[in-house]
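One chain comes next, on its own, written out as structure tokens in the form predicted alone.
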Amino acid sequence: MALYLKYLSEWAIPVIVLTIVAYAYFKQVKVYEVFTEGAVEGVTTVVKIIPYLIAMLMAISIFRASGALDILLNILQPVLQFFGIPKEIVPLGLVRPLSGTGSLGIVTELIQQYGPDSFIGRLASTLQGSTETTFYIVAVYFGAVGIRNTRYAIVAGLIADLVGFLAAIYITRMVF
């Protein structure tokens, strides 16, 4: 069974890609042309959102470097202790909805400082996989299709991020 799963996991993505290409070929879709058009649109989207990403990363860096984050953590310390939330993980919870790159940088710092097998390292890794870059997704995907009114998408995404944050803490405490 383990050998079967090993081969299945190795071949799943190539088989899916080949199936899509074969289907497109039989439907007489010009696969290469459509792919390159999509790649051009992707590059165009990246060029459009880079200023927003730079601004977001800069704001996060200023927030951390100014000491404002430390002040916020000191204010929240009693509440965090009551719920058993390590204060070291809070910056990751705050940055994750804003930036995948910024949150990955925080995870890297936490793992370098505390180690990958520490509670903080495991919690950071679990949190990284349990939450999403809500604002980035809304900006990119809604912007790509021209949606201006996000309605409840941001609120729902942030609630999901909070639930993911709390679930990551609970599950990491239970497992480790």
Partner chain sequence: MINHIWFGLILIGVITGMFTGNMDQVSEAVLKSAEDGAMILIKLIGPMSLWLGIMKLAEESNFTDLISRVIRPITTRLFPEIPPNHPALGAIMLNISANILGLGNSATPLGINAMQKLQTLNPDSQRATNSMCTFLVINTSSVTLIPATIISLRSAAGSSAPMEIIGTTLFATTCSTIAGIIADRILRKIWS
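These numbers were taken from a predicted model, which means no experiment stands behind them. Under this definition, the rigid core comprises the largest set of C-alpha atoms superposing within 1.5 Å between the forms. Numbering follows the first chain given and starts at 1.
Only in words, not in the display: the form predicted in complex with its partner chain, which the text now covers.
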Touches its partner chain in the predicted bound form: residue 135 (any heavy atom, 4.5 Å): yes
Touches its partner chain in the predicted bound form: residue 114 (any heavy atom, 4.5 Å): no
Close approach of residue 79 to its partner chain in the predicted bound form, 4.5 Å, heavy atom: no
Exercise: residue 73 in contact with its partner chain in the predicted bound form, heavy atom 4.5 Å: no
Any residue of 119 to 141 that, in the predicted bound form, places a heavy atom within 4.5 Å of its partner chain: 121, 122, 125, 126, 128, 129, 130, 131, 132, 134, 135, 136, 137, 138, 140, 141
Residue 137: Cα shift of 2 Å or greater between the shown form and the other one (core-aligned): no
Post core alignment: residue 53 C-alpha displaced by 2 Å or more between the shown form and the other one: yes
Rigid core fit then residue 171 CA moved by 2 Å or more between the shown form and the other one: no
Closer or farther in the predicted bound form: C-alpha pair residue 149, residue 53 (3 angstroms or more): closer
Closer or farther in the predicted bound form, the Cα atoms of residue 65 and residue 87, when the shift from this form is 3 Å or more: farther
